[in-house]
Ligand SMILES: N[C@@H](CCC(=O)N[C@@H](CS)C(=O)NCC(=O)O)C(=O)O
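Next up: just one chain, as C-alpha cells, the form predicted on its own.
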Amino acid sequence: MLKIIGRRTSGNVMKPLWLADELGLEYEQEDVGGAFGGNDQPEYLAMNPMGLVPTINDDGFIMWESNAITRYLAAKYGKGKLYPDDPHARATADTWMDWKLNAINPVMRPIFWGLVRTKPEDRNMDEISAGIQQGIKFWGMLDTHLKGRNYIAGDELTMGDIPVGPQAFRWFELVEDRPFMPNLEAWYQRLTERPAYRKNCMNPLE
C-alpha cells in the first residue's frame, strides 16, 4: 500500500494526498515534521536526506521531492487522467509545475510565514507587501494562461493543477486586497468544488 509521510498542514504534503484521493487510491498517511517532529531522525533521513516532507513509500519504493512525487503517482496510477496522454497537455502541465516552484513559492513564502507563522508585532510588512505585489504579477500570468481553459492543461484536472492548488488557497485566504482575475478565480472555484481538494487543501492555515 502507498504510504504518505508528512503532516497534513504542509502545502507539499497536500499534493500527494490530494492526488491520491482524486484517483481513489488506498493509502496510509503518517504525521511527520513541524510540531510532530521526526524528520530529523536517522530513520527518516535514511529515506529522505533533505529531512523535509513529504516522503512516500510505494510498496517499498521510496521517493521524496513533492513535484517529482506528483509526476510519479500521476504516471503510475493516473495515466490518461492526471497524467495526460497528449504530449502537449503533458508538457503544459510540466511547465506550470516548474513555474510554481520558481515563481509562486518565492512570493508566497514571505506572505504565508509573515501572516500565519509570525506574531503581528514581529511581522516585516515591507517584505509581506513586496511578496503580495510580486504575487499579483505572477498569479496574473496564470490568469492569462487560464483564459479559455477549465484547468491548467486544458479541460480536465491534471498533475499540472496539483502543486499550484494548495498555494492558491493560501493566496485567496490571506490576500484580501488583490485585483480581480476572472480566469484564476473561476479555476479556483472549480477546485473548491472538488471533494478531494476541499479535504486536503482547504484546511486551517498554520
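Residue indices: 1-based, along the sequence shown. Being a predicted model, the structure only gives us computed values, none of them experimental.
From this point on, the text means the form predicted together with the ligand, which you will not see here.
- Contact with the ligand in the predicted bound form, judged as any non-hydrogen atom within 4.5 angstroms, is confined among 137-145, 177-185, 150-158, 48-56 to 48-56.
- Although the partner is absent from this view, E173 stays clear of the ligand in the predicted bound form, with no non-hydrogen atom inside 4.5 angstroms.
- Contact check for E65: a heavy atom falls within 4.5 Å of the ligand in the predicted bound form.
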